[in-house]
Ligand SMILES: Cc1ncc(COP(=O)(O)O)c(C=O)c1O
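Next comes just one chain, in structure tokens: the form predicted alone.
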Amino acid sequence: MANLNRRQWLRTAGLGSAFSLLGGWQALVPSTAASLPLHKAGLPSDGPARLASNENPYGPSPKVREAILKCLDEACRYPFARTQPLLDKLAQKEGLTPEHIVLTAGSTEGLKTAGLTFGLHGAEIVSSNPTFHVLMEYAEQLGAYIHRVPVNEQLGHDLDAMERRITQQTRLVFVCNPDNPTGTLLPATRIRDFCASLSKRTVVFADEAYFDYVAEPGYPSMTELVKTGMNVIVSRTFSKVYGLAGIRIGYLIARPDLAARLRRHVMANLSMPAIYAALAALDDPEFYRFSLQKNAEAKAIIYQALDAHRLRYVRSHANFVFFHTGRPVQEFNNAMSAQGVLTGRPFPPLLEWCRVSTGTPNDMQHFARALAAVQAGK
């Protein structure tokens, strides 16, 4: 130790913390393998195929891991001074100003922040059902009334029915597009017109956590409406295509005055590793493209397996597939778990439907074998 200067010692000590953060000696696998799951990188698998939470099994990318390691010298410092470079980079990416961006600890915090901002004092919120209900559930705890509008026969948002639920007490309309858990995508012109029209009457929140997976050329983000000054909020996350679900970083996009209201209710703030990880992820287009390609390949395997058993499903625009099990979903999940595959939680009221996330090729093969076994023993 006497031969180490202070910076060298900090890096040595920091590596120990980094190993815990990144899964021990996985941090030292060659960069060509570091973006692969354990069993693909020559290391043992860590248990069942985890296909329940819409995670990206390939991240963080090698560049992101390197950035996190480099940030450890600053882990003793509060991260506030490092947020501006990230705000600037996100503003450039979205074609807006830093004042339009609200940094959050994952998009979940952004959703809860909006629920707090617009759900107080008996306010009303309109959403599809089922959908990703974090915003609505949080607002409900604060006294908001939630209008939950059933999805249509195609399992997409029933926008006409949602619009009919708006009253003078409606403070926010929530749209998840692509939707979670169904994976459906609203027609481009329809969603743009819906959000633009309703923003004249209330605030529209567009959850775009899965927007990166949309393959339709020219499909619009609702940031287009933010740029024109409409009452629209858009949420984005680094948890999915960037593979940073465990790092917890996301952001909201809104007109500066709306952004300021939301920012006042942000509670968690970001960690230094999250800031460095996000900056590196935004500069890693190769991993971004890799994630999209692997997701498409995994969905194709899921479709093939479901077709083989004649199970109805929705073609997905996200990193999961929603399919009809023909039995109570919890019963199905238990049977899959016994085969070593973890699938998604129930989404009431569609309690015979299951959401399965995309995974590695090994995960997908495991899913196909497990599904065959479960269907055979039905």
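Since this is a predicted model, take the numbers as computed values, not measurements. Counting begins at 1, following the sequence as shown.
Omitted here: the form predicted in complex with this ligand. The next part is about that form.
Peer 1: Answer with yes or no whether P273 is in contact with this ligand in the predicted complex, where contact means some heavy atom within 4.5 Å.
Peer 2: Result no; P273 lies far from this ligand in the predicted complex.
Peer 1: Is the gap between A114 and this ligand in the predicted complex 4.5 Å or less for some heavy atom pair?
Peer 2: A114: no, not in contact with this ligand in the predicted complex.
Peer 1: So, in the predicted complex, is P130 in contact with this ligand at a 4.5 angstroms heavy atom limit?
Peer 2: No - in the predicted complex, heavy atoms of P130 and this ligand never come within 4.5 Å of each other.
Peer 1: Taking 4.5 angstroms as the cut-off for heavy atoms, does K227 touch this ligand in the predicted complex?
Peer 2: Because no heavy atom of K227 falls inside 4.5 Å of this ligand in the predicted complex, the answer is no.
Peer 1: Only one of 94 to 102, 296 to 304, 234 to 242, 259 to 267 gets a heavy atom within 4.5 Å of this ligand in the predicted complex; which is it?
Peer 2: Looking at the partner contacts, the answer comes out as 234 to 242.
Peer 1: With this ligand left out of view, which of A254, A209, M136, V204 would have a heavy atom within 4.5 Å of it in the predicted complex?
Peer 2: Of the listed residues, the single hit is A209.
Peer 1: Since exactly one of C176, C71, A281, M222 fits, which has a heavy atom within 4.5 Å of this ligand in the predicted complex?
Peer 2: Residue within 4.5 Å of the partner: C176.
Peer 1: Report whether all of N56, G183 and R315 sit within 4.5 Å of this ligand in the predicted complex, measuring from non-hydrogen atoms.
Peer 2: No: none of N56, G183 and R315 comes within 4.5 Å of this ligand in the predicted complex.
Peer 1: Scan 102 to 117 and note down the residues that get a heavy atom within 4.5 Å of this ligand in the predicted complex; none is a fine answer too.
Peer 2: Stretch hits, in order: G106, S107, T108, L111.
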